[in-house]
Every structure is written in C-alpha cells, then in structure tokens.
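Read the single chain below, which is given as structure tokens and is the form predicted on its own.
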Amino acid sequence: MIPAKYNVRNLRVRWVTTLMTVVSTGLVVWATVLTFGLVEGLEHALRISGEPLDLIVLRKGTTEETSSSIEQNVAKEISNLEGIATDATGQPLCSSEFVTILTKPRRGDGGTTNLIVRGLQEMGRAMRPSFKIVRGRDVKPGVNEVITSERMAERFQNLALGEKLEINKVLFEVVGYFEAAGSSAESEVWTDLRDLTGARRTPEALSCVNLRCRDEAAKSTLLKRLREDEQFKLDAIDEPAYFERQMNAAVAIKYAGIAIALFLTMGAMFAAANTMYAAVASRGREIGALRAIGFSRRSILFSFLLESVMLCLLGGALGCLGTLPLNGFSTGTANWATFSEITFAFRFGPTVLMQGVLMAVAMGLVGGLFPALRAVRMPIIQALRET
C-alpha cells in the first residue's frame, strides 16, 4: 500500500491547483450546507410547535386557524369537557383564541408581507413551548398592548419595544419580547383576546380553541367526541399533525436545494477530475516507478482516489466551517399554509454538517475515479518515458 504521506506531499507541491480545487469545492459545500441548514431550521420551528397532547379545535370544514370561526358559547362548553388537563390551581389548560392577518411593512424598504396577530388568554401563552418574557413585560388586558419575538421586531416596522402597531386604526403598544423555544409562535404578535376582537369590531369572534389533554386515552376520547358530536360541528386536529401540514415550504426549499446542490456538485466533480488528470499527466514517471518497484495497480488506484478524496475533504471541511458563524442566524420565509411570514434560525447540527462531508467524499470519489483509472492503465515502459 502506498503511504498516505506520498499523497500529502503531492498536494503540497501542487499547492496552487490544490488551493483552487479546495476553494471551489468548499464553496459548493458551503452553499449546499447553507440550504440544508435553512431547511432544518424551518422544520425544527414547525416540529417543536406541536405538543403531543395538545389539540387545535376548528370549525368543521376548515383546515387553518385564520379561516375558522367558533361561537363563544361552544368554546365555553369545550373548556368544560372531561379529559382536559388542568394546571396547579385546577384551571383547565384550554385557551379560546382569535387569529387575524395584517399586511405590514418590513424594515429597510423590504416591502410588505402578512403578519399573524393572535388574541389569546393568559392560559394560552403558558401552553406554548417554554414560553417566557425575555425583555419588557407581558401584556395587561384592556389597555391595548402586544408582545412579540425579537426576531419579528428586527424584521417588521413598528414592532420594537415602545413602538406602536396599528390594528384597524387602533394603536397597540409593544411592551415585551418573548421566546417560545424557537417554535412558530415566535413568528406571531400576541395580545389580549378581548383587546384584539374589540379593535377588529368583532367582540364575539373566535377562531379556535387550543386545549391540552390529560393523557393519550383522554386525547383519543376528546378527538372522537369533538369530531363526531353534531352539537359542536367542529373538527379537532392533533397539534403536531397540524404543524406537519405546514412544512410544504420546507419541502419546496429542500427539493430546490437538492437540485441546486446536484448541479453545483457536478461542477465541483469536474474541477476535482481536472486537477487529478493534471496530476496523472505530470507524474507519469512516478507512476511507472511505483509499478516498477512492485506496487500493484490496485494500490495506485487507491492512492489516487485517496488523494482526490483528501482534496475534496479539505474543501468540504472549509465549507462546513464557513457555515458555523451563521448558526442561529434569524431569517424568514413565506408559510403558504397561512399566507404569512414565518421566522426561524439556521441550524447546522451534526446531521447537516455530516451531509456536507459525505457530499465532499462523493465528489472526491467520482471526480478522482477516471483519472485514477487512467493512471493504473498506463504501461510501465510508457510511464517511465513520460517527461
């Protein structure tokens, strides 16, 4: 077996072509991992939004909160159903909520987009994953106040602390920023239920009821009761399944990213192949000498493939390292299920980075295969005569 230091020496001697190939491979891996990290961040935000024992109750025939409508007396009956979990004080973990969409401007002349404003009860805030106020304070009912996430404040006008958001010509002051474990809740603006319905001139309006079941058995019973009871004429949706349906945007980005990655990878493979072809052409005598002193064709094939993989792995490592400063960086995209914007953070975890490394290995193997085959097929005498 030819020692690996032979390949390291050759990469160092041909440092210009090595550097060019490493940089081009690194850029391809960087762009691909960036796309995968974006998709992972979006899927994570939607995945953790659904609590396993939570149900979202909507009007029968609707699939989204924004198009649903529930009567208040029905919502009260739902909150008294058997099987709903309670908090430490014995209050049912159940929240009647009203959701509306506003078209608001982004910061920095970024145009306008849809913004979800949710009116909910205090219990509804507590039911969101790891909800906590990180700056400012929570809203006080009856005085037209809102809270949102810092990500939303960075992306939308009039959402910074102390600024005022107009809702149907009524001004709501931003009094706090909250976090909810990076879930889709951080893409919304929250206020008191009655304040929002009052501003919208629809004091009796409700969009949905969010409730938490006591256990899996109670969840099955409540699902059946809410879906089949003609008294309610409602549909209950398992919360994780509800947010699973909203991953269409992530799927579209993923497929687009894969298509772009394949296109760029082909280019990087050609770059690696050209580098290795040049190496074979310039090292004919070395190849002949290696064959003459007893190294087999298989050893030479493996050596050149190893050199190609090392070359691409250097680029892959460079590309992966280049994405790490963006880990946790906030961005957003359209949520086509709700016709609004959803904010999330790039996530470059071990799985995403491993995909980049494996892609670099694949580029090295495919890009180096044909030059390596050419090297082992060279007759010894002809190789020794190469200049």
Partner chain sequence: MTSLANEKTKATKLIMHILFYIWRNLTRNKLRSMLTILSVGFSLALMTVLHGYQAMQASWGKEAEKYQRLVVMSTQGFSGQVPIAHVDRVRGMDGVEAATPYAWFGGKYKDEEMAFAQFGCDPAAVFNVWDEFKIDSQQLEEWKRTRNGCVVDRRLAEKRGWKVGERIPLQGTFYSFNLDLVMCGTFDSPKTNDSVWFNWLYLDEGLQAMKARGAGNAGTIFARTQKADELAKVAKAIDDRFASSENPTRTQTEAAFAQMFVDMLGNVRVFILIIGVAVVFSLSLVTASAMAMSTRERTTEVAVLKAIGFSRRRVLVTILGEACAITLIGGLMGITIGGSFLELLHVVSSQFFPFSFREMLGTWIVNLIFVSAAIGLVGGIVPATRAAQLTVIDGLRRVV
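Numbering follows the first chain given and starts at 1. Values in this document were obtained by computation on a predicted structure and should not be read as measured data.
There is another form of the same protein, the form predicted together with its partner chain; it is not shown, and what comes next is about it.
Colleague: Heavy atom within 4.5 Å of its partner chain in the predicted bound form: which of Ser130, Asn73, Thr103, Gln231?
Modeller: In short, Thr103.
Colleague: Consider the chain as shown here, without its partner, and state which of Leu34, Ala345, Ile56, Leu46 has a heavy atom within 4.5 Å of its partner chain in the predicted bound form.
Modeller: That would be Leu34.
Colleague: Quick one: is Arg225 in contact with its partner chain in the predicted bound form, heavy atoms, 4.5 Å cut-off?
Modeller: Flag for Arg225 set to no.
Colleague: Considering only heavy atoms, tell me if Ile167 and its partner chain come within 4.5 Å of each other in the predicted bound form.
Modeller: Answer yes; at least one heavy atom of Ile167 falls within 4.5 Å of its partner chain in the predicted bound form.
Colleague: For Leu27, is any heavy atom within 4.5 Å of its partner chain in the predicted bound form, or not?
Modeller: Contact check for Leu27: yes, within 4.5 Å of its partner chain in the predicted bound form.
Colleague: With the partner left out here, check for me: in the predicted bound form, does some heavy atom of Ser68 sit within 4.5 Å of its partner chain?
Modeller: Yes, Ser68 sits close enough to its partner chain in the predicted bound form that at least one of its heavy atoms falls within 4.5 Å.
Colleague: If we take heavy atoms and a 4.5 Å cut-off, which stretch out of 131-139, 265-273, 208-216, 86-94 is in contact with its partner chain in the predicted bound form?
Modeller: Within 4.5 Å of the partner lies stretch 265-273.
Colleague: Mind listing which residues of 101-116 have a heavy atom within 4.5 Å of its partner chain in the predicted bound form?
Modeller: The stretch 101-116, when checked against its partner chain in the predicted bound form, contributes Ile101, Leu102, Thr103, Arg106, Gly110, Gly111, Thr112, Thr113, Asn114 at the 4.5 Å heavy-atom cut-off.
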